[in-house]
Structures are given as C-alpha cells and as structure tokens.
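So this first bit is one chain, no partners, the form predicted on its own, shown in structure tokens.
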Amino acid sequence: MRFGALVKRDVLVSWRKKSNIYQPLVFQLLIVTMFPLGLGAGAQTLAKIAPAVVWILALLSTLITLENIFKDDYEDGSLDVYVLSGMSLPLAAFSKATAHWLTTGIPVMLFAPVIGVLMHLPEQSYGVLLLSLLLATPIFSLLGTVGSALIVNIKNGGMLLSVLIMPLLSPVLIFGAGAVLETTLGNSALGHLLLLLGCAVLALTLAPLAAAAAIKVNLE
C-alpha cells in the first residue's frame, strides 16, 4: 500500500510539473535536428549513425532528470519521515525509480521511433529499438536512484551525478545500441538483448539496496 501511494504521489507531482515530462523530449528533438545540419541531409549518412544517436539521446535525456528523484523529498523532510515511520528504504527507492520510469522512461521510449524516423533508421530496426529501450529505461531509473541518493544533499550536483553513474550506464548503452545496429545489418540482436535483460535483473536486485544505503549515510 505504501509503495502504491508513493508511486501515485510522485506521478501526480510530475504530471503537475509538466516540464519534467516534456523537457527530455524537447531536448532530444532539438539535438537531433542538429545532425542533418552538421552532417548533411543524406539519408544514408544519417542511417549509419542512427542506432548510436537514438540511444545516446535516450540516455542523455533521461540523465538530465535524475538529479531530482530524491531532491524534493530531502528538502521537504519526506526522507526523514520514511526513516522514522519504519518504512523500508529499499522499497521507497524502488517506488521512486518506478515513478521516474513511468513519467520519464516510457515517454522517452515511445518518442524514440520519432527520432529514428528523423535519422532514417531502417524499418526492420524499430521493433528491436523499442524492446531494447523497454529493457534499458528501467535500468536508467534504477541506477538513477543510486546517483540521486548519493548527491541528495549537494546543491547543483547534476554534473557529479553524471560522473558517478555514467560508467555504470555505459554497458547498457553499448548493448542497446549494438542490438539496434545488428538489426540494421540483418543480424540477430538476441545476444545483446539477453545482456540487457541480465543488466536489468542486476539493477533491480542491487540498485534499491544501494540507494537505501546512500540515503542512510546522507541522513546521519
């Protein structure tokens, strides 16, 4: 019941602050329009780099939203309430990751085909693109809770958060972009998707525990 209440509250707060939802999508759209200007509008040129561009934009647009996962709760004292009420901190971290994925991960995932069209991504790659992002966007949110918990008491800690979690997200980027690239070449993407699934299971198991430990350290 507490898990559902926390997720519902965070989703409603994000929906009221619609910039939290629109900002990553606008960011992707602005950046992707620069590639035809810089590289030329040739479809073949854009198609070659499309898998990497779509995935990098999905990662970066999610990254700019991670700092605030715990920031508001820390500033208004909600984190202290979680501890004093005896609520499981890993469960609270998981609820924050779930809410972030619902309000940021899903829109980014659904917007990715639009970026693919603008980058002339081959038609046979869209299914794997959506499937790979479906596996990866929860990882972004789960690892994001760890980074957000680590810098929760630091003002303007977005850059530090990026430095902390980018090494953890790099394998996800490699496997995800690799899966899409394999489909553009006519090969099977199963191996890359299985690696993404393994990363998702690992993040689901360890990230809430790591985020809870970081929260305890910052509240002491």
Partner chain sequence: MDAGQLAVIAGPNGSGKTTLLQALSGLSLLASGSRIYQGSSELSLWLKESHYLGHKLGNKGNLSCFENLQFVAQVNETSVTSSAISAVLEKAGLAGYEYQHANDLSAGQKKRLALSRLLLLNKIYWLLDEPFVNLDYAGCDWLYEIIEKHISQGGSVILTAHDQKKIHELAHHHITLEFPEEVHES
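In this text, all values refer to a predicted model and were calculated from it rather than measured experimentally. Positions refer to the first chain, counted from 1.
What follows is about the form predicted in complex with the partner chain, which we do not show.
Considering the partner chain in the predicted bound form, the lone stretch of 24-32, 48-56, 175-183, 65-73 in range is 65-73 [heavy atom distance within 4.5 Å]. Shown alone here, L134 lies farther than 4.5 Å from the partner chain in the predicted bound form, counting heavy atoms only. The partner chain is not drawn, but in the predicted bound form it has a heavy atom within 4.5 Å of S85. Remark: V13 counts among the residues lining the partner chain in the predicted bound form, judged by a heavy atom distance of 4.5 Å or less. Although the partner is absent here, E123 lies well away from the partner chain in the predicted bound form, with no heavy atom inside 4.5 Å. Residues are counted as partner-facing when one of their heavy atoms sits within 4.5 Å of the partner chain in the predicted bound form; in 203-218 only K216 qualifies.
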